[in-house]
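The chain below stands alone and is given in structure tokens; this is the form predicted alone.
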Amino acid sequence: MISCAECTLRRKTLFHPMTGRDLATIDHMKREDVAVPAGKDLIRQGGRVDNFYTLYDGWGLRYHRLQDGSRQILDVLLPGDMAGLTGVLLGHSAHSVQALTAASFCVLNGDALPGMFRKNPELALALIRTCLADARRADLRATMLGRLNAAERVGYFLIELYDRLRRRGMVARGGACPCPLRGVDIADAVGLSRVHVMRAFKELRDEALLQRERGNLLIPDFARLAAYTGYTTISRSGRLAIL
């Protein structure tokens, strides 16, 4: 099991720096590391949640399954993102969490959360700020996806994802970054059919706004795609808490 002090994610400038006391608190909460194969659910919608998780390596999806069997992807999980926290606090999960690729998660004891809030309020406040930043990002995306046309929706979704990857140092010098999302995943994230998503990609390619091939995403001119979609870049000063 990887100790919190040895975690390579914590060294990235994206994440809030931790004191020795913070690391000791998180180490006390940590239960194990778990490997999850691609396509497997870690949390099931409607189920009881006793643990919450930090994605250490790989990609994940947070999604809601509708009565007709269709799926709405609520968010893409990247290394350092947490999952299951609301389920722990509310007693059950309103959504599922799935490994998009082979992934590893740190498993944290949900029963230890109240003690963390009492004994380490600074860490608790950093965690709340991170949750609020994620909620604000989700609100902005929902607003834009509800009002934009198909090409703008796809472009907004991908530039937001690209910006999050860039802050994690996951974009290469040439501007390309990994993107294991399939067309059906993007369709389920932006509320379009796969046919409309493919047409949107063609329009974005024809306008030289983005390229996507062989599992990689390239945005040649970030500012131009941001202007096209109305995307506002994530603040560089806002650091996230990682548990």
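Bear in mind that the values here come from a model prediction, so they are computed numbers and not experimental data. Residue indices: 1-based, along the sequence shown.
We do not show the form predicted together with the DNA, though everything after this point is about it.
**Q** How about residue 192 - does it come within 4.5 Å of the DNA in the predicted bound form, if we only consider non-hydrogen atoms?
**A** Residue 192 belongs to the contact set for the DNA.
**Q** Indicate whether the DNA has at least one heavy atom within 4.5 Å of a heavy atom of residue 178 in the predicted bound form.
**A** Output for residue 178 is no: heavy atoms all beyond 4.5 Å of the DNA.
**Q** Is residue 199 one of the residues lying within 4.5 Å of the DNA in the predicted bound form, judged by heavy atom distances?
**A** Judged by the heavy-atom cut-off of 4.5 Å, residue 199 is in contact with the DNA in the predicted bound form.
**Q** Flag residue 48 as yes or no: does it have a non-hydrogen atom within 4.5 angstroms of any non-hydrogen atom of the DNA in the predicted bound form?
**A** No, residue 48 stays farther than 4.5 Å from the DNA in the predicted bound form.
**Q** Work out which of 205, 44, 31, 64 lies within 4.5 Å of the DNA in the predicted bound form, going by heavy atoms.
**A** After the contact test, the surviving option is 205.
**Q** Exactly one of 73, 113, 99, 150 has a non-hydrogen atom within 4.5 Å of the DNA in the predicted bound form; which residue is it?
**A** By the 4.5 Å heavy-atom cutoff, the listed residue in contact is 150.
**Q** Among 87-95, 129-137, 142-150, 113-121, which stretch has residues whose heavy atoms lie within 4.5 Å of the DNA in the predicted bound form?
**A** Careful reading of the contacts points to 142-150.
**Q** Within 4.5 Å of the DNA in the predicted bound form, counting any non-hydrogen atom, which residues from 63-77 show up?
**A** Nothing in the stretch sits within 4.5 Å of the partner.
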